[in-house]
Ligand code: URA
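A single chain, nothing else alongside it, follows as structure tokens in the form predicted on its own.
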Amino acid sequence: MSKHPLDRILQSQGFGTRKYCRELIMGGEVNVAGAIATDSHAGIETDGLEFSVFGEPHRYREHVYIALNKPADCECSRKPSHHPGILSLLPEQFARRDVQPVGRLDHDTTGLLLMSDDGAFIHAQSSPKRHISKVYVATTHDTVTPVLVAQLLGGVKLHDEPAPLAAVTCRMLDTRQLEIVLEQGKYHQVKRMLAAAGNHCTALRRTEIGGLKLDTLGLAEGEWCCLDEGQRALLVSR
């Protein structure tokens, strides 16, 4: 069991500076256990803590683990340059908690994106040593052929890569669409592999990471959810 001052709890959840959080409490804007909180210094048990700010319910989370269905024309950057940043799709308190994307999707690539403020989690999910599979659905400019699938499975040579890169699995979904599973996560890898194999990627969507499938989350484009422990466990297996 761990107790912390309420103003510090609110600060840790991204509601602002500790001074501002004290002002929220003094202004009667914070409700804990069905009652308006009045003492910003009172020790509050954080395990299972539920509270509301401005009437909106929240649950205490030491760290947040977010799955987002990324739309197109959105940059995976805290300082976007040409398109809106991915954090614009989340409540402001997540930016204050230093939530960051786990890896990156190109601005025109859509689909499953993980975000967190847990540095160990971000590192583990990004590490090539973990061999976490990622599933993509690519729409191609030219027809998908058995020869193309065989090339992607056998490995294609990319500029600046010392060895050919190969898909873990690859299969045709439609005449101009294929599913490709990768583990490496190199820069623009799917697009570059298709180009090296003589085709061109016109649209790209990530549908799965490990065993976590975007379809099972029920998220429309631009929507997000916090992952529970069971969903996070799926990220390491497929």
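Keep in mind that what you see is a predicted model, and the values were worked out from it rather than measured. We number the residues from 1 along the sequence you see.
The protein also exists as the form predicted together with this ligand; that form is not presented, and the subsequent description refers to it.
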Query raised in the report: Which single stretch, out of 188 to 196, 22 to 30, 59 to 67, 36 to 44, brings residue heavy atoms within 4.5 Å of this ligand in the model of the complex?
Result: 188 to 196
Query raised in the report: Does any heavy atom of D142 come within 4.5 Å of a heavy atom of this ligand in the model of the complex?
Result: no
Query raised in the report: Closest heavy atom of I209 to this ligand in the model of the complex, within 4.5 Å or not?
Result: no
**Report entry** Contact test in the model of the complex: F94 vs this ligand, heavy atoms, 4.5 Å
**Finding:** no
Query raised in the report: Does any heavy atom of T109 come within 4.5 Å of a heavy atom of this ligand in the model of the complex?
Result: yes
Report summary line: Note: exactly one of L105, V135, I122, I132 sits with a heavy atom within 4.5 Å of this ligand in the model of the complex, namely L105
Query raised in the report: If we check this ligand in the model of the complex, which of the residues in 201 to 226 reach within 4.5 angstroms of it by a non-hydrogen atom?
Result: L204
